[in-house]
Every structure is written in C-alpha cells, then in structure tokens.
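Just one chain is shown here, as structure tokens, and it is the form predicted alone.
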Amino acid sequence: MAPVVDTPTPTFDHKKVTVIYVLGGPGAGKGTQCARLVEDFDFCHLSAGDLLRAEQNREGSQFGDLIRTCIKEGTIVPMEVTIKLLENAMTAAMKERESTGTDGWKDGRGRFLIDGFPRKMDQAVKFDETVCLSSMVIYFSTTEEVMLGRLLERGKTSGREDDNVESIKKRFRTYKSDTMPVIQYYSEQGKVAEVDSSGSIEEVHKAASKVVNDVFAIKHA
C-alpha cells in the first residue's frame, strides 16, 4: 500500500482570492503598469522586491543581512523568506479591506497583483501549493536595451543601490537563467499572457487591462 502523502492546503481559496503574477525583466515596466491596474480593478499590489527592501531595513529583522547581501549580489533571496512576507502582506490586506465592502473584497474575496514573483520554479510551486493557486501570469516582454535604458534613467532618482550597470547586468543574467523557466512552466498550463512592453504606457496598459478583464470574466462565468 502506497504511503499517504499530506497535500498542503493553501492559506487562501483561489476560487475567492485572485492572484495574478506580473513578470518581466528588470525595467520591463511592471511597477508602472501595476499602478494603473490597481486603479482600474481595485487590486492590492504586492511587489516582492519592495517587501524585501522594507524587511531588510526593518529594525530587529532576522532576515535583514541575508536580504541585503542577495540584493547587492543580484541573487535570489531564499524562497521561504519571500513567500512568508507575501503571505503576511496578503493576510493584512484581506483584514484591512474586508471592511470596505467593495465587490472584490467581500465575503472572503480578494484580488492581488504580485509583481516580480515567482522568480524561480521552486517559488512558483511552493506558493501555489501553500498560499494560493495563481490564476494568470502577465509577462511584460521587451529588449535588454530598452530595460537598461529605463533602469539607468530610474537610477538617477530612485536611490536604489541596484540601479547601476554592474548590478543590472547581474539581474539580467539571473532573470534569464531562473525566471524564464517559470514563464515556460505556466505557458504549458495556458496561464501566460505575454504583453509587449516596448510601446507607450497607454498601449501597454490597454493590452494588460484586456488580460485582467478576461481573467475576471472566466472566474465569474
């Protein structure tokens, strides 16, 4: 008789909680487009990178030094840390928004744009199994030349220590080796919508909005 293997129950029910991953290379325009989609669809936007940067500076954080080293080296933070920060942020958002009574946040429902995550296959599988099964991946694609130009321009005002040519090139390499297999994995499940982010903000926004409308149409059918 085969041993019984316990399958973890996700923290959130994907029939009520919509998770859309937003992926693309550094500088592909993820943050800009997420801000627009939040306005249109009342999403809670969670940036894995922002959560990690906030955690590295939080007084008393047990993960601060580890996160700081990973960001400096352009490597990926251990998935347990990132997933726990995302789960905590989702739980806090659900509690905070439940009282608003808006359609997307009633009766245990919620809608999340998770930006810059999952960056590796193990993150994708673990989050889907233990936190919430994702509905869709919006993949913003463009050239490295476009991304480099945007990041160097942002670096003039962002104050981010990784917006420099050396760190950017490390991030490109990490992205190619680790994140492209994630996009392929979800493509095979029919869960990837690729949006060319080389165009104007308005053009990209229009294409991304159509993807989100299609997701909600399927979920509410």
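Owing to the predicted nature of the structure, the values given are computational and were not obtained by experimental measurement. Residue indices: 1-based, along the sequence shown.
A second form of this protein, the form predicted in complex with cytidine-5'-monophosphate, is not displayed here; the remarks below concern that form.
- The closest non-hydrogen atom of Cys70 lies within 4.5 Å of cytidine-5'-monophosphate in the predicted complex.
- In the predicted complex, no heavy atom of Thr130 sits within 4.5 Å of cytidine-5'-monophosphate.
- By the criterion of a heavy atom within 4.5 Å, Gly74 is counted among the residues contacting cytidine-5'-monophosphate in the predicted complex.
- The closest non-hydrogen atom of Cys44 lies beyond 4.5 Å of cytidine-5'-monophosphate in the predicted complex.
- The candidate stretches are 33 to 41, 158 to 166, 57 to 65, 180 to 188, and the one lying within 4.5 Å of cytidine-5'-monophosphate in the predicted complex by heavy atoms is 158 to 166.
- Only one of the listed residues (Arg109, Arg119, Arg150, Arg97) places a non-hydrogen atom within 4.5 angstroms of cytidine-5'-monophosphate in the predicted complex, and that residue is Arg119.
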